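Presented as structure tokens, the chain that follows is alone, the form predicted on its own.
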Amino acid sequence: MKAFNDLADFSPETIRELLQLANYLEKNPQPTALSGKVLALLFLSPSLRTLASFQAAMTRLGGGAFVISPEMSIHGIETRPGIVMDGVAAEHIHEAVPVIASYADAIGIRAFGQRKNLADDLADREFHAMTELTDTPYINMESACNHPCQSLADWKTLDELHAGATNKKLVLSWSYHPKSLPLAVPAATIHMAAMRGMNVTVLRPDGFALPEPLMAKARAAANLSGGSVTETNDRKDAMQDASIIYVKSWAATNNYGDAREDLELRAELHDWRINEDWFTSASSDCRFMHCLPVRRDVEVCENVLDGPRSIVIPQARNRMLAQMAVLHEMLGRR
């Protein structure tokens, strides 16, 4: 495996094989599998779970990892092309990426989109500009419009919950957040669930519909898997018979890149906070998922987050296990 960038790059059979490997490694530790291997972790965006889970995964497999981020170790990294570097940043990405990658057997890169130009973010232009600077195998640790590591772990979580059943209903719901957030997790989640064969409903207020290219990609995956993809702003209709509600906020797409208009639009949407009343028409065993971090009593009420519906902790632990499988496949001895 030379790259782990998008679940769409793999067949469903290959994804299932990766998850079988993750399950095997969970029960059968391989503490020398990556002995002598080094993973570089470049964080241009903040992280808790991604950082900790990759370091833990490499350690459990006998390898090592080092972390580079502007806040931790250097005086800023400039990512803009054609810029005169007379400001604060001392490093440019054109030198930083190939140098960092040369110290490792693989590199993970995390870089949110700028959320200024929708076309640029949908194409993940900034992320791909960095991966093109090196031939070292790479892992997408979250880009402008993708988060394959989160989605692989979520697929594992869904398999554990439903014992292989794929045709359950998953609601991907927007929730209130005081800030405009990236499209990566919702984009990756809707595609993952569609690829898995689930019946997916995107629930969002007016103005927050996911961009059509992301919806089209998910619909294409659903057509191949036997699933379905729909969207609505009707909460009761969306939650009818739902088995999973996956909650995440994202930026307004009608005025993408306009921070003032986005803030004005979401200011009236405080009622898009998930509480137990949302589950009235859902399946009795409907579960709550969130990629974390989550703002308590802002995005979701504590009675849901701390209640029996929530599976956010095992969901987060699966990040490490799924990534162990990716690293083993990418760097392990054949």
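Everything numeric here is computed off the predicted structure, so don't read it as measured data. Position 1 is the first residue in the sequence shown; the rest follow in order.
The same protein has a further form, the form predicted together with another copy of the chain, not shown here; the description that follows concerns it.
> Is Lys179 close to another copy of the chain in the model of the complex, meaning a heavy atom pair under 4.5 Å apart or at it?
Judged by the heavy-atom cut-off of 4.5 Å, Lys179 is in contact with another copy of the chain in the model of the complex.
> Although another copy of the chain is absent from this view, report whether Arg266 comes within 4.5 Å of it in the model of the complex, heavy atoms only.
No, Arg266 sits far enough from another copy of the chain in the model of the complex that none of its heavy atoms falls within 4.5 Å.
> Is it the case that Arg296, even though its partner is missing from this view, gets within 4.5 Å of another copy of the chain in the model of the complex, heavy atoms only?
Heavy-atom contact with another copy of the chain at 4.5 Å: present for Arg296.
> May I ask you to state whether Ala209 is within 4.5 Å of another copy of the chain in the model of the complex, using heavy atom distances?
Looking in the model of the complex, residue contacts with another copy of the chain do not include Ala209, since no heavy atom lies within 4.5 Å.
> Just one of Met130, Val229, Ala111, Ala104 has a heavy atom within 4.5 Å of another copy of the chain in the model of the complex. Which one?
Contact with another copy of the chain in the model of the complex is made by Ala104 alone.
> Tell me, out of Ala90, Ala165, Ala123, Ala259, which residue has a non-hydrogen atom within 4.5 angstroms of another copy of the chain in the model of the complex.
Exactly one residue meets the criterion: Ala90.
> So which stretch, 94-102, 234-242, 115-123, 157-165, is the one near another copy of the chain in the model of the complex (non-hydrogen atoms, 4.5 Å)?
Of the options given, it is 94-102.
> Check each residue of 300-333 against another copy of the chain in the model of the complex and list those with a heavy atom within 4.5 Å, in sequence order.
The stretch touches the partner through Glu302, Leu305, Asp306, Ile313, Ala316, Arg317, Arg319, Met320.
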